[in-house]
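Below you'll find only one chain, the form predicted on its own, shown as structure tokens.
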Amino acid sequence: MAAGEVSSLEDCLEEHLPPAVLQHVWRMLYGKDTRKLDLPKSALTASLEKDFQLKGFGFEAAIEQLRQPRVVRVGLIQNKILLPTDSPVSEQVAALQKRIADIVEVAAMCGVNIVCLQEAWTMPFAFCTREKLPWTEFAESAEDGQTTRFCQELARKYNLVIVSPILERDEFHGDTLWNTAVVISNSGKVLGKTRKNHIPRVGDFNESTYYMEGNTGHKVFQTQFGRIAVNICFGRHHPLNWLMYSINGAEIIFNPCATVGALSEPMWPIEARNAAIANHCFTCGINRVGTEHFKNEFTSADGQKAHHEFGHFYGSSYVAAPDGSRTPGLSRIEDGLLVAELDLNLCRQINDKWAFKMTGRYELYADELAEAVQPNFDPYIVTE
């Protein structure tokens, strides 16, 4: 175990609470029970051999008379970087590709249909340093870069959709860099890409040194297994960002992230789950894990001493459902694969029950927001 880090909230509770009490705690914390999936023995053995955590859970929906269940399995992958951050770029990428290939193989054994990788998965999360080289050398084409070609091979081999978040180099628009998620169909074709809408300017997150807010809007991708969207990292703090993916029809919204404990951990279990509830959809939070050390010190000019580490990426990836239930999280310190079986019929069932979209009054907010963004906006405040 990493120094000073606990393995997971779930492990702490199970260690210290008697079973009868723990059952009520799970209900209060996580809502309706998710059933544990009976994963293949070969997958469990492979995860042990390859040294990553494997968990599987299923969400239930009511049986309908006119619609068959729409069952899909998603796989969330969290992982550490494998080599020191000053290792040659090509070696770092190759090591991570091998690691992901091993985990995706196990996902396929578990019947996963859609895999989502963590934010900027091919590289260290070096955007704290503000150095350009060698970090910009990890950038590549979303359409035909080596990482996209690698994921296309996996998608075809295992008949699954892959969401691959990378540092994109757009050679057709001035070599501009973007924080981008590439969506690859189970046929191996690139369905498209979506760029990070909201860029942090907090603490060591100096990301605007490398890329700015995305320009692809709120795309939703129709796959063989359902309609998916990708809300990259900092976008999870913006409720309207989740809303627009939902308005465009997303049934599953993936949220690949890289976020550290001291900054955001109290928010992590709440935001994606709230979004699932508010938008009648499934949400999947994926966070990288581990502590990454950089050779050169850096500072955010906040009065603190220069340092070599960003902080601990705390993993804890999970899936939340529109009824407010959620899976337990993966480990805070280990690589892992979380398999979740979803019945997408639950989205409409909860929509019919709570009707948040029907009662949303979007026209009211659209009119008032249109006024609020004007330079001469006068807030609507009543005074005596």
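Position 1 is the first residue in the sequence shown; the rest follow in order. Every value quoted in this text rests on a predicted model; they were computed, and no experiment measured them.
Here the subject shifts to the form predicted together with a further copy of the same chain, a form of this protein not shown in this document.
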With the partner removed from view, which of 232 to 240, 149 to 157, 110 to 118, 87 to 95 is the stretch that lies within 4.5 Å of a further copy of the same chain in the predicted complex, judged by heavy atom distances?
232 to 240
Using a 4.5 Å heavy atom cut-off, which residue among 71, 83, 101, 247 comes into contact with a further copy of the same chain in the predicted complex?
247
Which of 305, 201, 173, 295 has a heavy atom within 4.5 Å of a further copy of the same chain in the predicted complex?
201
Taking heavy atoms and a 4.5 Å cut-off, does residue 273 contact a further copy of the same chain in the predicted complex?
yes
Residue 79 near a further copy of the same chain in the predicted complex, any heavy atom under 4.5 Å?
no
So in the predicted complex, does any heavy atom of residue 264 sit within 4.5 Å of a further copy of the same chain?
yes
Would you check, heavy atoms only and a 4.5 Å threshold, whether residue 42 touches a further copy of the same chain in the predicted complex?
no
Just to make sure I understand: among 352 to 384, which residues lie within 4.5 Å of a further copy of the same chain in the predicted complex, judging by heavy atoms?
353, 354, 356, 358, 359, 360, 361, 362, 363, 364, 365, 366, 368, 369, 370, 372, 373, 377, 379, 380, 381, 382, 383, 384
